[in-house]
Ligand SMILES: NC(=O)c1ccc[n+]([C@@H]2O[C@H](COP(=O)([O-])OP(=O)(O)OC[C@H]3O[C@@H](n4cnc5c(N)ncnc54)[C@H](O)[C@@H]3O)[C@@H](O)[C@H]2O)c1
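The chain that follows stands alone, in the form predicted on its own, written as structure tokens.
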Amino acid sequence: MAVRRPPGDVTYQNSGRVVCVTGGSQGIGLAIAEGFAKSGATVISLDCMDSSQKNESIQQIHCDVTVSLGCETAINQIVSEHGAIDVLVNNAAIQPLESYHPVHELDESVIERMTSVNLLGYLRMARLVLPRMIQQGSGVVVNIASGQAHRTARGVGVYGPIKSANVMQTRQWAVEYARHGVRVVSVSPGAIDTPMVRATLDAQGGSEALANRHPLGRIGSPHEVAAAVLWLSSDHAAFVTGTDLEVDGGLGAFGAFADPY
């Protein structure tokens, strides 16, 4: 199937803006960080992993979103050095291979780790950044959720519910902070070609079958998710808040990730 892809040089004007991206060392987070940097923003990537693709235009700060004190130290450093945080992208998330089981078969440590990163990590960062955005009278928070927040499959009994909670976080915070000039939105990617997805597909037998489930006939690229984040964060989306945008190649139009029972 011949599918037109967007040009790779679509950018927005972000000069003078300070952008914080959690989990910015690889995959979707790295693409988001690069997109903002290319459009002129000052970009800080918070991650406890070292980036395999160094970009001198992106500041790296070691931060584990499961550690409250570390998150506070990182945010204080950003504000001290740059004076503000205009955009927070909550992206850091995990979906380890050992989590692909029914919940009664999961070790509690896996559940606790996923909850601490994928759910509480978003809350930790929001609690630190939102007061500063209130002081500024402006700001945008983007939560990276998942297509699995809207429809499910076997073996994602922890990841799916947590990602659904990310969407509800978006709606709640949007209502709470709109009066302060702060917008909160989320993006729900479908199957995206990232190291995390590749590891899963390799373990489960490859990507061809998954690609063929998409109406567009392929899985997505991290830069296609980044393009959605940049638009939602821009003044072009100034009347958009509390919204979740699915970037999934039409997969959600089928109604389910799972094969029919």
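The shown structure was predicted, so the numbers you read here are calculated from the model rather than taken from an experiment. From 1 onward, residues are counted along the sequence shown.
Keep in mind that the form predicted together with the named molecule is missing from the display, and what follows is about it.
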### Message
Given that the named molecule is not shown alongside this chain, does residue 217 nevertheless sit within 4.5 Å of it in the model of the complex, heavy atom to heavy atom?
### Response
no
### Query
Does residue 163 reach the named molecule in the model of the complex if we count a contact as any heavy atom within 4.5 Å?
yes
### Query
Is residue 63 close enough to the named molecule in the model of the complex to count, meaning some heavy atom within 4.5 Å?
yes
### Message
residue 92 versus the named molecule, in the model of the complex: is there a non-hydrogen atom within 4.5 Å?
### Response
yes
### Message
Suppose contact means a heavy atom within 4.5 Å; in the model of the complex, does that hold for all of 23, 27 and 48 with the named molecule?
### Response
yes
### Query
Which among 142 to 150, 72 to 80, 126 to 134, 177 to 185 is in contact with the named molecule in the model of the complex, heavy atoms within 4.5 angstroms?
142 to 150
### Task
Answer with one of 230, 197, 41, 58: the residue that has a non-hydrogen atom within 4.5 Å of the named molecule in the model of the complex.
197
